[in-house]
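Given as structure tokens, the chain that follows is alone and in the form predicted on its own.
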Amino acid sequence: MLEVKDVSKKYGKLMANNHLSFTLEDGMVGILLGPNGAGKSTIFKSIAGLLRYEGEITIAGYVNKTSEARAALGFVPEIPAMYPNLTVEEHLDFIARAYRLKDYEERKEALLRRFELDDKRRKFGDELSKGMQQKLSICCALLTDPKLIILDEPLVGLDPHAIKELKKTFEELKAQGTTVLISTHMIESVDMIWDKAFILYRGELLATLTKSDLDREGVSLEDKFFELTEGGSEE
């Protein structure tokens, strides 16, 4: 489970996250929505332990900057950060060593096949297209079999096959009890798989919505999003 309690983050005078609080239970798919400048990437980096912030974030019951929490987390950043001098296969082997994984070869091979990287395994990081880097970043996050995986705009740059496989992966993760949090502008692309949606605007949480509630109201997530954020300006 992911729990964010009263988290705030400022960049100078800019309040990027303003006292955010939300939870996402085991086996749930959550989506984080908001216009540019809403604070989505900031809260993702805070969850991943990459930023200093005020408040508290726990992952599977552990404070997010502890080794236990880090072992439970998979993170796909908005911009892939590949090592230029490591091959595709070496990236995955590096992650396996860093997390002290055992008997990971079968999982590694399955991920390479699934995201059509098996024939690119000897290509170096700086030889990959943006889409291939994105797929490799996703494979690296999935290799550790995390209890929580957070993905910042994961569908951007992916080809149709990779998008289809990633959606299937989300469904499989949900079925096995993994918690998934996705930040995206592409509402229609995740409309069938989400359980909770968190609407951010100017660093504040405007609403926490559930799919079941919107289904009962007969309102689409897209319509609800624009209802809540209409009239706002982007950065």
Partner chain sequence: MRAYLYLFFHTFIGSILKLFRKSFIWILVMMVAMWVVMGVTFGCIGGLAGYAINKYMPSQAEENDPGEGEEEGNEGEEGEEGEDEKEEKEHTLFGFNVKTERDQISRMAAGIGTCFVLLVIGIAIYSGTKEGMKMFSMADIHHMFTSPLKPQSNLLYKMLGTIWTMVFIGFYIGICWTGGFMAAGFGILDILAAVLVYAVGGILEQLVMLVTYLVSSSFMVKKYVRPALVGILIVLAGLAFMVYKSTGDAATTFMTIFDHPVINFIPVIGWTRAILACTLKHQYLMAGVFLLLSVVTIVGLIILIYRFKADFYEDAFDYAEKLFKQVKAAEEPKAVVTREKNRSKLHNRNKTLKHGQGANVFFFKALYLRGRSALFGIFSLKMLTLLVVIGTAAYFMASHNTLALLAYIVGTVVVETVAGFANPLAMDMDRHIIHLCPESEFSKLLYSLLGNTLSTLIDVLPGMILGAILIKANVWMILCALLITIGMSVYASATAVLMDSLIPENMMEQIKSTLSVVLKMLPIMPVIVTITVVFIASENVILTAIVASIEIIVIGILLVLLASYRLGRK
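Residue numbers count along the first chain shown, from 1. Note that the coordinates shown come from a computational prediction; the quantities given were computed from them, not determined experimentally.
Keep in mind that the form predicted in complex with its partner chain is missing from the display, and what follows is about it.
The closest non-hydrogen atom of residue 49 lies within 4.5 Å of its partner chain in the predicted bound form. Put simply, residue 118 is far from its partner chain in the predicted bound form: not one heavy atom of it is within 4.5 Å. Put simply, residue 65 is close to its partner chain in the predicted bound form: some heavy atom of it is within 4.5 Å.
Mapping the unseen interface onto this chain, residue 97 counts among the residues with a heavy atom inside 4.5 Å of its partner chain in the predicted bound form. Stretch 66-74 is the answer when you ask which of 66-74, 32-40, 195-203, 167-175 has residues with heavy atoms within 4.5 Å of its partner chain in the predicted bound form.
Although its partner chain is omitted here, in the predicted bound form all of 79, 124 and 140 have a heavy atom within 4.5 Å of it.
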